[in-house]
Structures are given as structure tokens and as C-alpha cells.
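The chain below stands alone and is given in C-alpha cells; this is the form predicted alone.
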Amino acid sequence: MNKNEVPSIFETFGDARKQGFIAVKNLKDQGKKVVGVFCTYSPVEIILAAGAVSVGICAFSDETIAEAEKVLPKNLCPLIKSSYGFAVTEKCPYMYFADLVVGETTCDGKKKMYELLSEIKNVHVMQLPQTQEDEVSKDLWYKEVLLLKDRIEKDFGITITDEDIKKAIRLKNEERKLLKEFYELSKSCPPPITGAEQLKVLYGSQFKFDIEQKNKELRDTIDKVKTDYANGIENVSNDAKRILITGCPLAGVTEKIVTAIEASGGVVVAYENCIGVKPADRLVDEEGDPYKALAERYLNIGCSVMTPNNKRMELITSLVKEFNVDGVVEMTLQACHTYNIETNTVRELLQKQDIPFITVETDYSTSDVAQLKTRMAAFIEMIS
């Protein structure tokens, strides 16, 4: 087993995550507009069509939570506190350089935090429906998509043409196809990459701002992994238990879950989370009204804020089968009520399929790292 070749090809994506703030500053120096987004419900094609760059500004560290708690309640979701803390301390370069911040009313905590954030940043809030099931909600979201287009045109003094938006849709669809082809490499047994390596690309790709160059690098990465695998280079044991991770957004400190799983004889083959399969699973229809197509695609994302949330259950069921999953680990953040409540629904879904399931509630501290290792080791041993 060669331990040098395969991991090296992921360095460009890890570096993008680390050095993204320099890239954003350079883009600003060149006169580019930057739009910060919080969630996968943000239709980033509109930002791309405007000649601007989008960047995720959710924070995944407890570094600024103490500062945020001077204003926000202590028993609030750590993602919200961390994101706000990095904004008020100006320690997040993406938030700092953002000409516009786009939020969506995915939860009560976020929408109230946006009110505070709007005092220091230029914020546009999209009113997200709470269901995907009726025409009223679909019409509302379509209008919200158009309002975002109008806001960006007004703020940036530009006009987004039909050709602009259609080109942006094609580019983002191409990116989604490549990301899907990449993570579906892990359907192989054993998978050609570890879960940590997969996550490095999925998350790091958000910080590569030239989408055409990014798509080329994704193509090269996929081809390299395929070639090495065909040549017998294996990075994962054939005995490793195949794990699906679902639940809240996973990045930064919460990667401790992945580390605990893969140190215990497991391998993460798929991430249902927002930083994983969910953003790449559906394409935008390239025919007809592009804004209606965007509205339809984004509203159908399966998040726990939706009621009922059938789309998430369908995706989990599909991933369990397609990736030959041995067990499912759900990661929920403290005070993330929608995901925490939905845990029981996920458990019952997987019980019907005889799939082992464990849920982990955590935050952005490292105080539970030892406990996580113990729990993941016990879970892997149970399904062995």
C-alpha cells in the first residue's frame, strides 16, 4: 500500500481552504465583488452570473464564541455563535471582505442573528419556506430568488442577462457532476480514499473561486484516483467498516468525528451533510425559465428545517444502498433543535433497514475528543 501518492493529490484543496483569504483579498484588489453565503439554500448561480464570487462564511471553531456570547445566549447553536463571533471580531476574512452577506431563514436562531449582523454588514435575508410540499411555498421561493437577483443588481450596479445566468447554471452543474463523480468513487470496496481525504476535497472546493479552473482540478483529481486504484494503490483496508455520516454541517472542529471513526477501524464513504452529498445531489434544469429552475432545485434540498423532511430520508436511504453502508453516524450540534428532534425519525428509518445507527451531539470544543474515540470504537466493534 503506497502511503505517499494518493494523499498528495488532495493538497491543493486543503491549501485552498487555508489560503482562501489571500485569494479573496487578491480578488477584491482586482475589483471583484464578494458575496458571503451561510447555507446550501443560497442560489450561488446568481452571484456567479453577476461576475462576483461566493464564499461560505459559516464558522466551525469556538475561537470567537466567548465574544459572541456577550450578545447571544450561551445555549444557542455553536455554528450561529461562531459565525457571529467571527463577524464582530473581524477575524473571518471572508466575512470581512464580503460586499454582501446572504442569509436564509433556516432557523429562528439564525434569522435573529441576521438582525444583529445587519448592523455591521450589508445583509440580504431570503425568506425560506418551511415546506416543499405546496404551490404557495414554491411560488414564495421563486419570488425570493428574483428578489436576490434584484438586490445584487442594485447593490453592484449591474444587469444579469439571461445568457449570464444560463452560463452560470451550466458551470455549477458541471461542478456538481464532478463532485458527485468524485465522492461516488467511494462506492468501490475498498474505497480508494479515506473519508478525511474525501472531506478535504468537498469542503476545500468551496474556497477555489475560479470555477472553470476548479472544475479542471476536480477532473484531474478524479482521473488520478482512478488510475492509482486501477494500478493497485490502496489507501484503505478492505476490512474497514463503511460509515455514512449524516446530520448538521460538518467541518473544522467537528471533523473530530471523522478522525474518531477512521482511527477505530471505520472509513467514512459518504457525507449526507451540507458539506457533502447534499449540495451536489441535484442539478438545475437547463431548459426553460432559469430562475424557476433555480428555485425548484434549491427548495428541494432535504434539510431538517423542512416539514415534512421526506427529501432527507430519501437521500439517506439511497446512500445506504448505493455505498453499501455498514453503519450510520449522525452528528448533531447542541441546540440545533430541528436536527436533534429529527434524530428519532432517522433512527426509525434505519431500524427498518437493519442498519446500525448512533447519534452524537457535540459542539466546537475539543473536550469530548476522548469520549468520541471511545464511542466510535465501540460502535465499529459492534458492527464488526
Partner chain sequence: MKKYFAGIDSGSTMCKSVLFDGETILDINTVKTGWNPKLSSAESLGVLLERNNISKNDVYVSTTGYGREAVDFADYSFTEITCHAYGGIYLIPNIQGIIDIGGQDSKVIEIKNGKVVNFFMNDKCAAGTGRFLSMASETLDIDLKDIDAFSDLSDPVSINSMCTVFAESEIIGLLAMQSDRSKIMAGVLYSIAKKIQQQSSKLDFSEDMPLLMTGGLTISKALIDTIATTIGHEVITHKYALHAGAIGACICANKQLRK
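Positions refer to the first chain, counted from 1. None of the values given here were measured: they were computed from a predicted structure.
The next section is about a form of this same protein that is not shown, the form predicted together with its partner chain.
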{"query": "Candidate spot H124, T131 and W141, all three touching its partner chain in the predicted complex (heavy atom, 4.5 Å)", "finding": "no"}
{"query": "4.5 Å heavy atom contact, Q371 to its partner chain in the predicted complex", "finding": "yes"}
{"query": "Residue contact check: S367 to its partner chain in the predicted complex, 4.5 Å heavy atom", "finding": "yes"}
{"query": "Residue contact check: K25 to its partner chain in the predicted complex, 4.5 Å heavy atom", "finding": "no"}
{"query": "Partner contact for K32 in the predicted complex: its partner chain, 4.5 angstroms, heavy atom", "finding": "no"}
{"query": "Among 354 to 362, 32 to 40, 52 to 60, 318 to 326, the region lying within 4.5 Å of its partner chain in the predicted complex by heavy atom distance", "finding": "354 to 362"}
{"query": "In the predicted complex, residues of 323 to 347 near its partner chain [heavy atom within 4.5 Å]", "finding": "Q334, R347"}
